[in-house]
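For reference, the chain that follows is the form predicted on its own, supplied as structure tokens.
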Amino acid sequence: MASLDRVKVLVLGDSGVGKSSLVHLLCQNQVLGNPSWTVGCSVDVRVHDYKEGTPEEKTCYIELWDVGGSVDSASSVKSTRAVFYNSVNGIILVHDLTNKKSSQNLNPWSLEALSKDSSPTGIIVSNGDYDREQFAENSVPLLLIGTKFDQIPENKRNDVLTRTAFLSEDFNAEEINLDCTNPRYLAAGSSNAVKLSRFFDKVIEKRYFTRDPSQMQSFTDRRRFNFKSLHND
């Protein structure tokens, strides 16, 4: 297969929220039968058609970097996984809709990754918290994905969705809520599939077509990626 342009997208969130299952679904369009804990980082690749159906359509590779560990990890562990945060083009923040703590932990996960980004993020941090007004200036595209949607009791669903809507506003990101064991949540033409495609388009746009000199590279300078699935669970 010919070499194609690629972008790097981090997949961040607490252990057990379903990141590995999500990545497998996104890249293989299949349910992951026996998910296991990710040690370090696992990488898989999704083929994406940028601006599909338009004259500008272009096929690209989306590298999804599933980062394991916990936000409460020792500083030595955080320093070690900081290598995964280099040259990031986008971030998918994953939380368990049945676990409020996993939603709250997305703030420190984002802070850890974005503070290692080489490009200015516009985020001002005070005592470990975000300045919400400045977060809107973040240059790295974000997508919020809530998992285990099927496990939310019907009588609590509205409250949970209201909470996640506020969370997506905090991160200035679109949100997708799904069940990683059911591919229909990402069926072609669905609102979730449209949001996902729009996010990947934005990541590619920022990586290759932005007018920001700190983000833009010439075609000759672009790194190439030969397609190979690297996902190891």
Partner chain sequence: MSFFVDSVIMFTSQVLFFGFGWLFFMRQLFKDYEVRQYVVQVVFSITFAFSCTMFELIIFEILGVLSSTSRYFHWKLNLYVILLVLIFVVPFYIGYFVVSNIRLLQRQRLLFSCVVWFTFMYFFWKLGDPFPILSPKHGILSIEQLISRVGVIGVTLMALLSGFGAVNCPYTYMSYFLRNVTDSDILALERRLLQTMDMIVSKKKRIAMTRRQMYQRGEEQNKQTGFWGMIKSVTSSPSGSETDLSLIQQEVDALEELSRQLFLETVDLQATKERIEYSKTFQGKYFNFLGYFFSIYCVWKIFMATINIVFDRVGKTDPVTRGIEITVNYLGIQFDVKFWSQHISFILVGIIIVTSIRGLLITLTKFFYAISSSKSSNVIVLVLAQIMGMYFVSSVLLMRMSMPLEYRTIVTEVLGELQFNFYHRWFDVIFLVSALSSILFLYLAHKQAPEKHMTL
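Residue numbers count along the first chain shown, from 1. The structure presented is a predicted model; accordingly, all values stated were derived computationally and were not measured.
Quick note: we don't show the form predicted in complex with the partner chain, though the next part is all about it.
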Is Tyr61 part of the interface with the partner chain in the predicted bound form - any heavy atom within 4.5 Å?
yes
Tell me, yes or no, whether Val39 is in contact with the partner chain in the predicted bound form, where a contact means a heavy atom of each within 4.5 Å.
yes
May I ask you to state whether Asp170 is within 4.5 Å of the partner chain in the predicted bound form, using heavy atom distances?
no
Contact between Val194 and the partner chain in the predicted bound form at 4.5 Å, heavy atoms?
no
Kindly confirm or deny that Asn158, Glu174 and Phe199 each have some heavy atom within 4.5 angstroms of the partner chain in the predicted bound form.
no
